[in-house]
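Next comes just one chain, in structure tokens: the form predicted alone.
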Amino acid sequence: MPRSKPLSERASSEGAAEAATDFEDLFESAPCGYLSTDKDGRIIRANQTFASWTGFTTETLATKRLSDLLTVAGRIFYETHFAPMLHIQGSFNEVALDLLTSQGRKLPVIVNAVERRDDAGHPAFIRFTLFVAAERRSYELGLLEARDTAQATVAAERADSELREQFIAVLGHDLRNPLAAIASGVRMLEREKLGERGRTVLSLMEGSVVRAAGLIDNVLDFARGRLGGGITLSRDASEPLEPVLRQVVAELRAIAPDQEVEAHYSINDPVNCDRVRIGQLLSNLLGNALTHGAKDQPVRVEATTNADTLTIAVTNGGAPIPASAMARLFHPFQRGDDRVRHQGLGLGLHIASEIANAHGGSLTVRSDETDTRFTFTMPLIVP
């Protein structure tokens, strides 16, 4: 009678057989496709998952090359890029390819590949792992379409914005001529003998002309800045700055005769600046203070120089600027007090800030229950 194997040997043999069965089942029914080819790409073996994806039997697949299952574009990529790089690197990961099923449908997949070599170092076979990527490819295409749509939208909006800004610039420029004619007519009427009522109307017209001219200047400067021209300066340290500031204060006093404006000047040093632009800055700050400040408190204007700095400050009383408005105060089309409507385009403080920056200076604001103070500082000497 033959001797039976020891229990330990039988258990080991049964365990090996069970492991082999499990491995075979894992290979055939894995959630990804497994494929082995020789060094020339002829399919040696494919698992059942891959066969079910493509619609071919495993026997039929064993008669094909991997390139036979690719689209024309995929075949060209495989032969000219994939296979050479695989041979050089020994592996290739996450390559997107389209397979052709037995019905001729495209099946998008992601492919990983590893080349195995024999003891002599020559290519022996290649192992492929494939994952269906239909959802991923749809997601990627969706992202590309969304990107293209967003880029087209941005380009259209940019073109519309440039057209609007060019229109604003042209409109502002063309408004100067009729406004100049009105201003000339007002000056001619001032020389005529008019009654008290006529003088009052004339004063209102003159104030409106000054205000309209300031609005046009702001619009043109804003459009020029948006179109790439920026704030242009014509610096001159040889001419005094104080007369320009006095004229600005006088013009705005005429516009708001019921509002008290206190002005103090102590400019004892030459200022290398564009006097017209600094006058425009003061006009915007003072106009803002007259509009938003308390009517029963004076607006204070101070313009001083020390050893190396010009400082112009405009202070008004009244309620403080809301915290929600402070962060965007110098942005275009913003106002210091959202409760005030139809008082302008919201460009004055923005243009004033741009003029300050162009001079290498700064424009800051402090606002509390006591008062609101805008302060412009710039170096007297250009570095």
Partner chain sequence: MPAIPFADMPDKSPVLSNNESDIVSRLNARLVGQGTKTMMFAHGFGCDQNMWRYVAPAFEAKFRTVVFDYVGAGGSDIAAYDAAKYASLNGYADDVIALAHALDIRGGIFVGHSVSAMIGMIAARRAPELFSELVLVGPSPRYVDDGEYVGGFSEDQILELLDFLDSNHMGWSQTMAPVIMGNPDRPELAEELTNSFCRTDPDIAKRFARTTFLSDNRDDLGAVDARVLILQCRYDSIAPVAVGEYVHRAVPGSKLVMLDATGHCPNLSAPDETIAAIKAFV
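As the structure is a computational prediction, the values presented were derived from the model and not from experiment. Positions refer to the first chain, counted from 1. Each form is matched to the other, and the largest set of C-alpha atoms that superpose within 1.5 Å is called the rigid core.
If you look for the form predicted together with the partner chain, you will not find it shown, but the lines that follow are about it.
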In the predicted complex, which of 307-315, 95-103, 253-261, 181-189 comes within 4.5 Å of the partner chain (heavy atoms)? 95-103
Each of 22, 34 and 44 near the partner chain in the predicted complex, meaning some heavy atom within 4.5 Å? no
Is residue 79 one of the residues lying within 4.5 Å of the partner chain in the predicted complex, judged by heavy atom distances? yes
Is there a non-hydrogen atom of residue 122 within 4.5 angstroms of a non-hydrogen atom of the partner chain in the predicted complex? yes
Partner proximity in the predicted complex: residue 59 to the partner chain, non-hydrogen atom cutoff 4.5 Å: no
Proximity of residue 157 to the partner chain in the predicted complex, heavy atoms at 4.5 Å: no
Sole residue of 302, 274, 206, 115 within 4.5 Å of the partner chain in the predicted complex, by heavy atom: 115
Using heavy atoms only and a 4.5 Å cut-off, determine which of 295, 87, 235, 199 is in contact with the partner chain in the predicted complex. 87
Can you tell me which bits of 26-54 touch the partner chain in the predicted complex, meaning any heavy atom within 4.5 Å? 39, 40, 42
State yes or no: after fitting on the rigid core, is the Cα displacement of residue 70 between the shown form and the other one at least 2 Å? yes
Would residue 352 count as moving between the shown form and the other one, using a Cα shift of 2 angstroms or more after superposing the core as the test? no
Do you see a C-alpha shift of 2 Å or more at residue 108 between the shown form and the other one, with the core held fixed? yes
